[in-house]
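Below you'll find only one chain, the form predicted alone, shown as structure tokens.
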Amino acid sequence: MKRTPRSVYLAVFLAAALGLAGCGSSGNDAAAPEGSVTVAVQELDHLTPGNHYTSYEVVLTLFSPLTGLTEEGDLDLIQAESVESDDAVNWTIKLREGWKFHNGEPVTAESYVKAWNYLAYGPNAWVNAGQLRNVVGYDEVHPLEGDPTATELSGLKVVDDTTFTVELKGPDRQFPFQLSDGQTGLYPMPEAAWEDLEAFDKMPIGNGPFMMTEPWVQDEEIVLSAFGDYQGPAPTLSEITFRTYIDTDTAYTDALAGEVDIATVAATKAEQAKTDFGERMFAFDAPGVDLLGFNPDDERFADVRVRQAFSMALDREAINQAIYAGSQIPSTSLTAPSMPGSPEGVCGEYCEFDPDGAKALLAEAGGLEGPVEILFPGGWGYEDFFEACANQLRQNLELDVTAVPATDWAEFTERLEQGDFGLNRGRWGALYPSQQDTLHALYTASGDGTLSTGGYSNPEVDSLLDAADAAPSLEESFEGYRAVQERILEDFPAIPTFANRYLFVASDKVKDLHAAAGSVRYAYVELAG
């Protein structure tokens, strides 16, 4: 995937500093597309944008966000005509006119505000409510303890049919990025949805390029048809079928046989995929990072030098070649290099392979006694990677290190919560392309990914994050997030291992795939012939 020059990011962030104004076309005068694809996806849970965990591919095809990303990683305006603020606290969002839901209802400011208020209200228990946690009034409608004292977010106001305002708890220049594809809880909902939310969950009425024609039935295929009145970029297909699978191996086999046209591939199958699919294997830079966390209750890891030594004992490049066929990106910072301003190299010597230095540093810290287990979820193709990590730590530090798979995700999570591990598999896939998302999620007490880093938090890090979020310019935000990373790395709570590339394979029916933030844009698949 093409990397965006720093000068391009500068233009994007300077625009975001005081607001974003859109001048892109709205409306779809292109001829109706023809052609279809079948896509392999994991099992779905729900189709309501604010209340799902696993249905991203379908939801992102049925709905369109306020902002989006280009293939180069630039911020774009989709449903929004502008997103503006003078102080980064009070934001005004102006919608493009003429957009409709699949049932013909106009998309209005009320479509967003009503959906956001319902999402945020704690008793509704929608799982993506936290995407609104920084809006004024969230603590009143979604308190950590006790009953809500309000039913609507005081920080949301409808101005007119195409304008609404958002007041944040503090200045945040990253807010336009939070309105992009991955934060599906911030999508609009039509009035028809409120008549029967259960029916809406089975057959959502979106504002995106594709629409449903039949309700979803659990464990059956979902067939979507192109929405003829879509006001964004015209889709290239007339129909998309999403077929669910319980494991990636079966989906891969079906892709090889031509039974499905597009399937996700585990990084550990990269070498085989290159052989089986050749140029029809696609790798896209993604905003995800992998790491190894430490048990914070295990006193053997209390000395930061022990944690640093473990990191220096890992030969990331050798693992990348042996396990991932070179498809992933060895980490040199805490964020993916596809993130704007990611400070590559900030991890310094502690992310460089130096077995002699690692052994000396461990000895300096007093050594480590007893066996060490690396806990990871079994059955998902992670075995080879964690065995490689255990082997290197065992050989390079002369320790008794083993990789131990949990039976499933439930056991893995339970053992993490109980402290029944030494090191653990950690990961975060950012929902929007800003360092803010990864750093808040993994390295603050309230972060959604804090289990990966042993519940790490530090008041100094919190203060530095607040300053970086509020930075008035691109350069200052980059400098701010670099300072955050430098401070976290002083504590070294986890080992950065790899930044992600997401891998896909396609049948010979497909000419090309296009992606944003590592995810395929299924509405814009190019067909061969």
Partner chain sequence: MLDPELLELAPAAPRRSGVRRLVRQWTFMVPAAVIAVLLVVSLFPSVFAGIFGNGDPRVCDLYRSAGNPTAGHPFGFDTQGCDVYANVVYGARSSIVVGLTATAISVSIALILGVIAGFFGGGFDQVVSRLTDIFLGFPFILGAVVVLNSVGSRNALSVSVVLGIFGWPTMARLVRGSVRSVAGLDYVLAATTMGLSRLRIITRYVLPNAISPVLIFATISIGVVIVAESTLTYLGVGLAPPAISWGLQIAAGSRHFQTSPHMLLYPSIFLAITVLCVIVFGEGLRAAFDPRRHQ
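Quick caveat: nothing in here was measured; it's all calculated off a predicted structure. Under this definition, the rigid core comprises the largest set of C-alpha atoms superposing within 1.5 Å between the forms. Residue numbers count along the first chain shown, from 1.
Here the subject shifts to the form predicted in complex with its partner chain, a form of this protein not shown in this document.
With heavy atoms only and a cut-off of 4.5 Å, decide whether Ala388 touches its partner chain in the predicted complex.
Ala388 belongs to the contact set for its partner chain.
Closest heavy atom of Thr264 to its partner chain in the predicted complex, within 4.5 Å or not?
Thr264: no contact with its partner chain in the predicted complex.
So in the predicted complex, does Ala322 come within 4.5 Å of its partner chain, heavy atom to heavy atom?
Result yes; Ala322 sits at the interface with its partner chain in the predicted complex.
Could you tell me if Thr402 has a non-hydrogen atom within 4.5 Å of its partner chain in the predicted complex?
Heavy-atom contact with its partner chain at 4.5 Å: present for Thr402.
Among 455-463, 90-98, 393-401, 202-210, which stretch sits within 4.5 Å of its partner chain in the predicted complex, heavy atoms only?
Result of the contact check: 393-401.
Looking at Gln272, Thr332, Asn117, Thr444, which is the one with a non-hydrogen atom within 4.5 Å of its partner chain in the predicted complex?
Here the answer is residue option Gln272.
Scan Gln218, Asn103, Thr407, Thr149 and let me know which has any heavy atom within 4.5 Å of its partner chain in the predicted complex.
Looking at the other structure, the residue within range turns out to be Thr407.
Core aligned, does the CA of Ala313 move at least 2 Å between the shown form and the other one?
Yes; Ala313 is a residue whose C-alpha shifts (by 2 Å or more) between the shown form and the other one when the cores are overlaid.
Once both forms sit on the same rigid core, is the C-alpha displacement of Trp380 at or above 2 Å between the shown form and the other one?
Yes, Trp380 moves 2 Å or more.
Can we say the CA of Gln392 moves by at least 2 Å between the shown form and the other one when the core is superposed?
Yes; that C-alpha moves by at least 2 Å between the shown form and the other one.
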